[in-house]
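One chain comes next, on its own, written as structure tokens: the form predicted alone.
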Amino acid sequence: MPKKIIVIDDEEIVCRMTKMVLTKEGYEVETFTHSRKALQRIKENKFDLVITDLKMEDVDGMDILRETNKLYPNTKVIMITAYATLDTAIEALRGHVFDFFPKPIKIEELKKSVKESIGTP
């Protein structure tokens, strides 16, 4: 059974690219551009990994991280952001994020982090 990943980013291109790359690696990937819908999906379904943007309308990445940690303490979270600052990185790390990537994402680094966080599909 392949490992399940949810990708949440308000940029459609980030969702499409990440899904294409990780599906090719053998993971089962769902994507959401609306963070509130994604949060509802997380509440309904356990994922092995959550990849979320930090800054989004409605529900932001820190909310996604907190809710995921509360519901599924063993689920890993990777955060991505175009607004990487030391403060946001520290806040994410304090929230037990597995990894933190500035945009634009380096695909090889993301693939490596996914493997380190949940193993191979």
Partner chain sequence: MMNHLKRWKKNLSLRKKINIAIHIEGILITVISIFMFFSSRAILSKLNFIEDFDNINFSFLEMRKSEKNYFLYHDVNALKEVLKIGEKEYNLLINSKEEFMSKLGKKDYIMLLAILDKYLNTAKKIVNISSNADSNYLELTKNLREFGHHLTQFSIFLRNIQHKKVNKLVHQNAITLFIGLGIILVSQLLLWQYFFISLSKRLLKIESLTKEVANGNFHKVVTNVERIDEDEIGLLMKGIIHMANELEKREEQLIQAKKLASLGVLVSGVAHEIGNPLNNIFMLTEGYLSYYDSLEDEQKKIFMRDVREQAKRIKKIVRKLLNFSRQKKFEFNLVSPIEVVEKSIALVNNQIKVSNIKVHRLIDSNLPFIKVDVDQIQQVIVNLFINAIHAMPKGGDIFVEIRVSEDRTKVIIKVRDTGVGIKPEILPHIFDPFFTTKGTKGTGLGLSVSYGIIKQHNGKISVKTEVNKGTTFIIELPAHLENNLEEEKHA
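It should be emphasised that the depicted structure is a prediction, and the values quoted were computed from it without experimental measurement. Numbering follows the first chain given and starts at 1.
As for the form predicted in complex with its partner chain, it is not shown, yet the points below apply to it.
Exercise. Would residue 113 show up as a contact with its partner chain in the predicted bound form if we use heavy atoms at 4.5 Å?
Worked result: No, residue 113 is distant from the partner.
Problem set entry | 4.5 angstroms heavy atom contact with its partner chain in the predicted bound form for residue 70 | Because no heavy atom of residue 70 falls inside 4.5 Å of its partner chain in the predicted bound form, the answer is no.
Exercise. Applying a 4.5 Å heavy atom distance criterion, does residue 55 contact its partner chain in the predicted bound form?
Worked result: Heavy-atom contact with its partner chain at 4.5 Å: present for residue 55.
Problem set entry | in the predicted bound form, residue 14 touching its partner chain (heavy atom, 4.5 Å) | Yes, residue 14 is a contact residue.
Exercise. Using a 4.5 Å cut-off on heavy atoms, which residues of 103 to 117 contact its partner chain in the predicted bound form?
Worked result: Residues within 4.5 Å: 103, 104, 105, 106, 107, 111.
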